[in-house]
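One chain comes next, on its own, written as structure tokens: the form predicted on its own.
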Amino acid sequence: MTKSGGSTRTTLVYQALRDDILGGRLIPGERLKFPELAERYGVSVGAAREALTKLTAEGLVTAKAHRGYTVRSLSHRDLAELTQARVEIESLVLWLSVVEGDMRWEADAVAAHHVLERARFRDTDEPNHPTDEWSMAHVAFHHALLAGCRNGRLLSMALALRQEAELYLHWSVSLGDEPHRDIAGEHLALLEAALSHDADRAKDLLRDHIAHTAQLLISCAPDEPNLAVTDGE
């Protein structure tokens, strides 16, 4: 019973920590101290330690000697390299998906967009962060767009890169300030290009969509920009 209860508490604090990191409530580079976390989430130090270990394995938290645990920092170099990989691989997978996708793929993409379109983007209680509802719908929509690709290896690579970029995707909304950006319009344009089987347009739109997110975070990262990579997007 005790072991089961401890496991449950670890799972709960892990999910709460993960949500707070992705939502920008725990900011990039912030130190994560066991006593403070235990008090914040109402768990034991042991449960907090186990949760941080799991988050470290996922890349959301870093552990360094003499410094302890910190929220992963924003890095131009890491962001630029990840963006370059996504621009090339994910856009190729979308191109293949549009070319190879069948009627079921089209229906799934439309359904995923329907959910995304109706999901609350901002919460009145936390207007500076995307809602969990929107975040999940956003992931599902992009996965649906890519799902028509029949090359399993390329699809797995693209999805893995999207998962790795999830932190940056959330931070671009939480930390960036673009009141005039039409994110909903970008998603609709992607869907329309996919449904019309215009693979080249869909590919170009996704490349711009990915690169825009990276450029939005440039002002938030503490290290020097790697413009040789990001300018090519």
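Each residue number is its position in the shown sequence, starting from 1. If you're wondering where the values come from, they're calculated on a predicted model, not measured in any experiment.
In what follows, reference is made to the form predicted together with the DNA, a form of this protein that is not presented.
Although the partner is absent from this view, Tyr69 contacts the DNA in the model of the complex, with a non-hydrogen atom inside 4.5 angstroms.
Not displayed here, the DNA is approached by Thr10 to within 4.5 Å at the level of heavy atoms in the model of the complex.
In the model of the complex, the DNA lies within 4.5 Å of some heavy atom of Lys64. Although the partner is absent here, Pro35 sits close enough that one of its heavy atoms falls within 4.5 Å of the DNA in the model of the complex.
Every member of the trio Arg31, Ser44 and Ala47 reaches the DNA in the model of the complex with some non-hydrogen atom inside 4.5 Å. Residues within 4.5 angstroms of the DNA in the model of the complex, judged by any non-hydrogen atom, belong to 36-44 and to none of the other stretches in 161-169, 22-30, 195-203, 36-44. A change of 3 Å or more separates the two forms for Ser135 and Glu50: their C-alpha atoms lie farther apart in the model of the complex.
CA of Ala158 to CA of Thr62: closer by 3 Å or more in the model of the complex than in the shown form.
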